[in-house]
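Shown next as structure tokens: one chain only, the form predicted alone.
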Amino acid sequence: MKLPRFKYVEPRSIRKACEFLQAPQDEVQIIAGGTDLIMALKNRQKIPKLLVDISGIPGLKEIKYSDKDGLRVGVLATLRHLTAHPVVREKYPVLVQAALSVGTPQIRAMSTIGGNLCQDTCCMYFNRSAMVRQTLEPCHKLGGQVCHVVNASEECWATYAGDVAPALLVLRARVKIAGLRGEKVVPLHELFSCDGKRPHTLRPGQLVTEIQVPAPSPSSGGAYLKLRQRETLDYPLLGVAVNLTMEGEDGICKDASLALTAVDKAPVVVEEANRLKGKKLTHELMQDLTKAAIKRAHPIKDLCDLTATYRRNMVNVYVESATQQALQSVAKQFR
């Protein structure tokens, strides 16, 4: 498969990159690792006029930590470097678990954390080759008026299936966004639009430059679990991230957060996890939490043998398992 024709630029500053990115979103694409984009170009899912390579911009690959500011990860840091960083491995195990679940070692060596966060949504129609898609009329995501996945839907139901996002969401991460008018820092959930056609809220001329994660609370622990058919390569069919902070090994929950991926047009933060604060984690409370997660999950049929109903039912299993692993992670700190 050949790549479409496009112009290629390599800006050496954030400002210059933002200038190039002022073009309409359909006409310009950012490339860094390129693990998702190259295949999308070959399949003609994207046909940009301009490709902006930001991999040469200095200062965007740094990973640094302080007890005051927490973790700061440049948008060009690869998943391999992130998972190998000693401080990240020690203080943010849920983030390491999520990053290690992405693709293969070769893919993680090229994939950037920014690219993983800002990846496009996918579905069984859109992610096929142009030759296969030509048997059906264009869908919402390709400028048409139909959804081939959810019949009669007036909106696009392409699913966000990134692994890193739910882990960062339960860690209360924020992102720094640069533009020609300056920089701003916003909670990570504001990066996602819940629009299958355009999954992110970045406007023309804007670029994510850094991910900021607060320093972990004492006696906290997390876990990320991923449902997939194969151990490598596959996108998640369900991803569950949990982070808990406890007062003691068998004590009261001081903080709790839960997020899902691959079950909606954006990663899902299950706000009902806030109800666990100040309470002992009883079986009844955990059942209520899993029920809330199931209600918020809207998986669609996909190119696999696992049905949407099965995946929704597995939310219960994975939320319970991830919570137990998070509690075990906390318990290790008291030994």
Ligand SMILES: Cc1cc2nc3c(=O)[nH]c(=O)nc-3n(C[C@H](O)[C@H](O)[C@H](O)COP(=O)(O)OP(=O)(O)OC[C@H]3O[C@@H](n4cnc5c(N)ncnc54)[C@H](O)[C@@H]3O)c2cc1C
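Predicted model, so just to flag it, every value in this text is computed and none were measured. Residue numbers run from 1 along the displayed sequence.
Unshown form predicted together with the named molecule; subsequent notes refer to it.
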{"property": "The named molecule in the predicted bound form reached by all of K46, I107 and C118, non-hydrogen atom within 4.5 Å", "result": "yes"}
{"property": "Contact assignment for the named molecule in the predicted bound form, among A161, L169, V96, V175, heavy atom within 4.5 Å", "result": "A161"}
{"property": "The named molecule contact in the predicted bound form: L37, any heavy atom under 4.5 Å", "result": "yes"}
{"property": "4.5 Å heavy atom contact, L202 and the named molecule in the predicted bound form", "result": "yes"}
{"property": "is_contact(S257, the named molecule) in the predicted bound form, heavy atom dist at most 4.5 Å", "result": "no"}
{"property": "Partner proximity in the predicted bound form: A32 to the named molecule, non-hydrogen atom cutoff 4.5 Å", "result": "yes"}
{"property": "One stretch from 99 to 107, 238 to 246, 180 to 188, 85 to 93 that, in the predicted bound form, holds residues within 4.5 Å of the named molecule by heavy atom", "result": "99 to 107"}
{"property": "In the predicted bound form, residues of 184 to 214 near the named molecule [heavy atom within 4.5 Å]", "result": "L202, L207, V208"}
